[in-house]
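Read the single chain below, which is given as C-alpha cells and is the form predicted alone.
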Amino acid sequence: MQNHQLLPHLYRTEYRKIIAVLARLFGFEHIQIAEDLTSDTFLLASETWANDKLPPNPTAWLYTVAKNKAKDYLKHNTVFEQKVSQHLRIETARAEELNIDLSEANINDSQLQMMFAICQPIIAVEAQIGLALRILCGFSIDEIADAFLSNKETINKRLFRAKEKLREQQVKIEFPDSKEINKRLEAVLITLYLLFNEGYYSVSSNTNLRKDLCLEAMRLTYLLVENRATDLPQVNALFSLMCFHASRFEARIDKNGEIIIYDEQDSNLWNDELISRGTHYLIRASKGDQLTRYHLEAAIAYWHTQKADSANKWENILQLYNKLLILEYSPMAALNRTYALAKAEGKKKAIIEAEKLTGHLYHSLLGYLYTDVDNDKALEHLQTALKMAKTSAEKTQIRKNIKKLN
C-alpha cells in the first residue's frame, strides 16, 4: 500500500479500535475526551509521517501515541483531576502507571461493550445506529447522512441529543445481561448490516468497493457469533449473508475498477471457501423457529453463489423475495424481486411489476427489461437513469448499456 493511502486505511481500521478502548476508560460522560484524543493521534500521524517518514510499525505507533496522550491528559489536566477523576475507575495521581490495554482481546471486549452500550432503548433506534456508526465504526457525518438518506444538519443534531441522553442517564459501557441483550441486539445487527453495505455498495463515495469496511463489519459480527450470549440464529444469519456477498468480491470489479454486473461475472473468481463458510453459518442460523430478514437475505445470497445452471435457481430466489417483502417491505427488495421475476418467468411479466416501482434504479431495471423487447423504451429509461445516477460507477455502467443498445 502506498504511503498516501496508508493513513486513510489505518483511520478506517484503527480509529474505531482506539476510541472503543478510550471511551470505555472515560465513559459516556466524558466521551468527547476520548474522541479528541483519538483524533489528535491521527492528526499527529499525518504531520509526523509527512514526506514518507513512516515508522517501522505504523499501527503500533498509533497505539503508543494514543496511550501516551491519554496518560498525559490524566496526569496534567488539573480541572479534570479535581472535578472528574473521582467518577472514573482510575486514579489520576498514578496515571503514568496506568495500563491502557490495546491488545486484540481488550479491543474486542471494548467494542462488544461499546456496541451494546450505544444501542440503548432510551434513545431512538436511528440515533443508536448513527452513534454506533460514528463512534464505533468511524463513519463521517456525510456517510451516515447517506446511509439514512438524510442531511448533515439532521444527523449532527440527532447524535448530539443521543450523547446528551446517554450522559444524563449515566449509561455504563459494559456488556448487558441476557434480558438487555434481547432489547438491544436488533439495533446492533442493523448497524453492522449498514456498515457492510457501505463498503459493498459505497453510495457515499465513488469508490466501487471498500473491502476494509466489509471486513470490519464481518469481524465485528464474528465477535457476536463467538460470544456465547450473542451466538443466536439471527447473528449467524447475518454473518452468513456477509460471507456469501464477500465470496463474489473479486468477480464484481474489473481491472479498471468498474462494476461487473451479476450476469457478466466470472463465477470461477467466486471464493469457494467463503461460500462454504456462509453455508455453514446459514445452517447454524436455522436452529429454532425464528425467521428474520437476515435469514431470507442470506438464503437469497446463497442462491446467487450457485452456478447459472443450478436447478430452480431463480425460482427459489423469487420465492425468497416474496417472503422477504411480506416480512419486511423495502423498495430495493422489490426492485431485486422484479429482476428475479424476469429471470424466472420472463421479461414481459417482470415489466408489468417494474412499472409500479420508482427511482433511478427503477429506470435502470426497466432499461434492462425492455432490451430486446422494445429497445426505444429501453433507451429512454436508461437515459433517465443516467441523469438520476449518484455515483460514477453507476453512470459508467448505464453508459455501457446505452452503448450496447446503440
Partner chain sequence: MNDFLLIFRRDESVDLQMTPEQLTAINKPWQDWMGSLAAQNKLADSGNRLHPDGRVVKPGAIVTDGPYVEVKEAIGGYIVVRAASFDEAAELSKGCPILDTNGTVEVRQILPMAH
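Numbering follows the first chain given and starts at 1. As the structure is a computational prediction, the values presented were derived from the model and not from experiment.
Keep in mind the form predicted in complex with the partner chain is missing from the figure; the text below concerns it.
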Contacting member of 229, 291, 325, 122, with respect to the partner chain in the predicted complex [4.5 Å, heavy atom]:
325
The partner chain isn't shown here, but in the predicted complex which of 107, 185, 218, 318 has a heavy atom within 4.5 Å of it?
318
Are all three of 252, 258 and 264 close to the partner chain in the predicted complex, meaning a heavy atom of each within 4.5 Å?
no
In the predicted complex, does residue 372 have a heavy atom within 4.5 Å of the partner chain?
no
Do residue 36 and the partner chain come within 4.5 Å of each other in the predicted complex, heavy atoms counted?
no
Is there a heavy atom of residue 356 no more than 4.5 Å from a heavy atom of the partner chain in the predicted complex?
yes
With the partner left out of view, is residue 345 within 4.5 angstroms of the partner chain in the predicted complex by any non-hydrogen atom?
yes
For the chain shown here without its partner, which stretch in 232 to 240, 331 to 339, 283 to 291, 300 to 308 has non-hydrogen atoms within 4.5 angstroms of the partner chain in the predicted complex?
331 to 339
Based on a C-alpha change of 3 angstroms or more, tell me if residue 272 and residue 311 lie closer or farther in the predicted complex than in the shown form.
farther
Taking the cut-off of 3 Å or more as given, in which direction does the distance between the C-alpha atoms of residue 311 and residue 280 change in the predicted complex, closer or farther?
farther
